[in-house]
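First, one chain by itself: the form predicted on its own, in structure tokens.
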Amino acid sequence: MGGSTTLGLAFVLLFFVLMVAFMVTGRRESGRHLREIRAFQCIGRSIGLAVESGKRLHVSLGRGSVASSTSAPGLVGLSVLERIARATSMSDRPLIATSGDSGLAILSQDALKSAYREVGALDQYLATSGRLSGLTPFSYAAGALPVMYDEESSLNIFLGNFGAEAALMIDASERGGGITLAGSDSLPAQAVIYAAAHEPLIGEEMFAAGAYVQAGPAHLASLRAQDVLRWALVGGILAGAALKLLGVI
């Protein structure tokens, strides 16, 4: 096993240990110390307005395969999907999730069913609420457009791996008068999102979504573990630079 692989495994193990420790010690934390991100503040208001006005909410999970390195943004989207489904379980118009990967579509159906079961509203669950809208980038976008145009979505959330097709979906959301919250790990999609979305998530803000929507203590613990490792890396870089200047290394 190479040195880089060993270092990577050690890093992952340290992150896991820190995350478990923060989960155990911080179960009662509510996330009140998180910095303000306007996009997440907007979600709460938009959900309430959508439920009161009988509008629909739409979460799009991207087209990243759950068996590849592009799965992380979609998994973040699933945690947000489940949390919003619980919050809107009594709405007249159930939440709809679209995706461009068959695995994500199945997981979205499972997340919705789990959320409705948890709040005692399983009769509200419809299997068609978790939709595979297309298996290619533009067929995925074309399949998601009717949800925004024809089903009166007042809030469209895009969290996942997207490409240039994100421009079509975000434009449809904005033209329909809905609020658009979007984040992606793809640089082309981030450029589109920053220019076009009503509430863009920049960089790693997307991966904090679970903590901000209170999806569970594991998400808050993950943020705290990230902060510890981030400062540890900064300290290591500064220490290495100082040692280099002093001629030690």
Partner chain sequence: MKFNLRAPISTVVAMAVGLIVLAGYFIQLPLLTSLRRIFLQWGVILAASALVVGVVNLLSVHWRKVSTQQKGGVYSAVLLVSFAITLVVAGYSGPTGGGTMWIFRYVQIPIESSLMAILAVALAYAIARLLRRRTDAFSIVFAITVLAALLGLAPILGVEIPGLHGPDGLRDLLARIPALAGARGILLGVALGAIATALRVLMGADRPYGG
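Positions refer to the first chain, counted from 1. Basically, rigid core = biggest C-alpha set you can superpose within 1.5 Å across the two forms. Keep in mind that what you see is a predicted model, and the values were worked out from it rather than measured.
Unshown form predicted in complex with its partner chain; subsequent notes refer to it.
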Though only this chain appears here, would S91 touch its partner chain in the predicted complex if you measure heavy atom gaps against 4.5 Å?
no
With a cut-off of 4.5 Å between heavy atoms, is G64 one of the residues that contacts its partner chain in the predicted complex?
no
My question is simply whether A196 lines the interface with its partner chain in the predicted complex - judged by any non-hydrogen atom within 4.5 Å.
yes
In the predicted complex, E52 touching its partner chain (heavy atom, 4.5 Å):
no
Stretch 108-128: residues contacting its partner chain in the predicted complex, 4.5 Å heavy atom cut-off
Q109, D110, S114, R117, L126, A127, T128
Core-aligned C-alpha movement of A232 between this form and the one not shown, 2 Å or more
yes
